[in-house]
Each structure stands twice: as C-alpha cells, then as structure tokens.
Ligand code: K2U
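Only one chain comes next, encoded as structure tokens, the form predicted alone.
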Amino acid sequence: MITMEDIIREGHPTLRDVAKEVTIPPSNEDIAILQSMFDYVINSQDPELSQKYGLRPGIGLAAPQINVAKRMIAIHVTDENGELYSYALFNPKIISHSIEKSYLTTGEGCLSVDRDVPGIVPRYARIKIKAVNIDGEDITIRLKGLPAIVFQHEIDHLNGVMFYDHINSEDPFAVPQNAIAIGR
C-alpha cells in the first residue's frame, strides 16, 4: 500500500524528468504499481483510512510522484454534477484541447508539494485524452471542468512540469482572458 512516505517531494529530480512510455501490454509489475496508485487516491478520500494511515487526501497521482519515471496516472474525482471520473491509465496523452481556458478559484495543490502556492493556474477548459486503461484497452475520454484540470495536472507530472510552473510570476492572480472559473 502506498503511503505519504512513498510520495517524493518537490526538489526530487524525478519530478522534473520526462517519464518513459509504458510498454503495452503492460507488465504485471506496471499493473501492480498502477493499481496501488489507484488504491491510494481512493483510500486517501476515505476519512477513516486517511486518518488511520496518515494519507493526505488526493484526487490524482502520477507515477513520478512515487519515484517511478513511467507514464501512469490514477484519478478519482467527481465533477460539479457529482459524476465520478475514476481512472487508472497508462500513457495518457492530450490529443486535442480547447483554446478557451479554465482555472480553479482555490488554486491547485499537490501531494508532492508541502506548501501552499497561491496563484491562478491556467488550464485548457476542455481536453480529449487517449490512453490505455488498467485492463489494457485503448480508451478516449472527453473532459471539462474539474476533471479536465486534474488530468492536465497529472499529465504535467509525466512531463516534469509542476502546477506552479503555470502561475504568472509577475501577477500570480492574473485571470486568463475569458477563462471559466471553477470552484471546488
């Protein structure tokens, strides 16, 4: 079981590396790693389990955050309509995106960042993703709102990008033009 001790923190070089593609079909080891990441995001949202094991609640986790430089992400999040987006994916890739931007009004956080980093993180409002699910099936997902932001945050990890890299250093609270504000 993954715990907070397994999650590396900012400053660790793996967080700045570009992760390698996972060979498909995935190995049993890669499937086990992805399953444990998926279990973490689900368990971390359970108040009893998160308290028992000292898990910081998370809605997404990328393999580089557990010091595995491979293109794997796990996401478990509900959108503003209460619809659940629960995925464990290999080699996720954004294949198209809107010009329109969106951002979280509360800013973004990260299990690998132990400090509050205030500022607006501009993201694409809508994205389309291709990936391979944990069962080895090719899938395409269209996303908007909070799930789109979470997927972009996790895919950034696969490319060595941290959320605060997107914050405008001159004006951290600059709202992108015509962007959709998303509350949490």
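Note that this is a predicted model, so its numbers are computed, not measured. When you see a residue number, it is the position in the sequence shown, counting from 1.
Just so it is clear, the following notes concern the form predicted in complex with this ligand, a form of the same protein that is not shown.
Shown alone, this chain has one stretch from 31-39, 46-54, 130-138, 143-151 that lies within 4.5 Å of this ligand in the model of the complex by heavy atoms: 143-151. In terms of contact with this ligand in the model of the complex, the residue from Ile59, Ile66, Ala125, Ile120 that brings a heavy atom within 4.5 Å is Ile59. Put simply, Cys110 is close to this ligand in the model of the complex: some heavy atom of it is within 4.5 Å. Shown here without this ligand, the chain has only Leu104 in 91-107 lying with a heavy atom within 4.5 Å of that partner in the model of the complex.
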